[in-house]
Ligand SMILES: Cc1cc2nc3c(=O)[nH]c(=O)nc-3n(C[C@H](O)[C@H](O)[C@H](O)COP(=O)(O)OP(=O)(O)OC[C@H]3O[C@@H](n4cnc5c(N)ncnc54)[C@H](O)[C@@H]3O)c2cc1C
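First, one chain by itself in structure tokens, the form predicted on its own.
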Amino acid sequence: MPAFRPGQFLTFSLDLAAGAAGEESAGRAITRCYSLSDRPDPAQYRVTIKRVPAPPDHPEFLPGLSSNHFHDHVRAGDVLRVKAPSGHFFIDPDPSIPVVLIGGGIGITPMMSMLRWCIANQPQRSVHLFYGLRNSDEHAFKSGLEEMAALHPALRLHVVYSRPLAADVPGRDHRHAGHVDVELMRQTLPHGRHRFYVCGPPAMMQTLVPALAAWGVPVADIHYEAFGPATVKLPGAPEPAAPVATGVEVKFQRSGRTLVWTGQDASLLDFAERHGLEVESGCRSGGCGSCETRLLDGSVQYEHTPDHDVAAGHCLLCVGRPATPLVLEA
């Protein structure tokens, strides 16, 4: 099986089964990305998938299509379509630089891959793991992390609950209350250089990553990956040129549609979906390349350089916006 670097992800193409998340989804093909959650092993890949129900305050919304499909329909022996591991978010192998792994919610999964690799290959390397989540109901890998922390003195484990349950005991279930922030790191990290790896929901990415840079961490030592769309603006980063906002024609050649971009959509993918065009997509954050589309004419602008290596003559719809009138193969 193709090797991978700790922190990379797999991209799955799934055919939803009837009843996976409503009859209207039956037979639909979707693409989703999941971080590998174990150290590289030539015999297997491991991903860890959290079932996503409908939001409790919005029961009318559909539950997560992919996560529920995996939990309800994928069984041992099934054959799945998956791309080889990819992504630019992976740990630096230099053992002389201590690492700080920061996972928010299910963003803990790539951190588990990095952590397990460090323990197996660099057991003396100093690792600080900060894991932010609401409470014990969402605490993934709890016993495994506690066992690793007990057996490996180089690992410092910091579990942070933002909304502890009445039964959650400080010092047993979690070490800190609140959120993973720079102030917590000021109090707990030893002085000196560290290399930071951050993965979590948009709110965490949009606040914590710039705060690390403002604290004085060199940008070269801050590595991050968002689960879903997130705009991260580091201090000192150049402002992107403003894209054309109104009156730009976008032709989808295969679909036979020509539409006018008005600037109300965050990306060409949102624009296409709002007009009923089906476009393959996965991460929606410029990492997996599922929405990569041949650019037949015109130019596309990105607010930030995509993590995916875009092929010449192509563009990514999920993070791209038109800079000129466009002709897309989609």
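From a predicted model like this one, the values you see are computed outputs, not experimental measurements. One-based numbering along the sequence shown. We call the rigid core whatever largest set of C-alpha positions still superposes within 1.5 Å between the two forms.
The following text describes the form predicted in complex with the named molecule, which does not appear among the structures shown.
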Distance check, Lys50 to the named molecule in the model of the complex, heavy atom within 4.5 Å: yes
Partner contact for Phe271 in the model of the complex: the named molecule, 4.5 angstroms, heavy atom: no
Close approach of Gln301 to the named molecule in the model of the complex, 4.5 Å, heavy atom: no
Partner proximity in the model of the complex: Ala54 to the named molecule, non-hydrogen atom cutoff 4.5 Å: yes
One stretch from 105-113, 216-224, 73-81, 148-156 that, in the model of the complex, holds residues within 4.5 Å of the named molecule by heavy atom: 105-113
Ala266, Leu65, Leu295, Leu277 - the one with a heavy atom within 4.5 Å of the named molecule in the model of the complex: Leu65
Members of 157-185 lying within 4.5 angstroms of the named molecule, judged by heavy atom, in the model of the complex: none
Cα displacement of Pro42 between this form and the one not shown reaching 2 Å, rigid core superposed: no
Large Cα shift (2 Å or above) at Pro56 between this form and the one not shown, core-fitted: yes
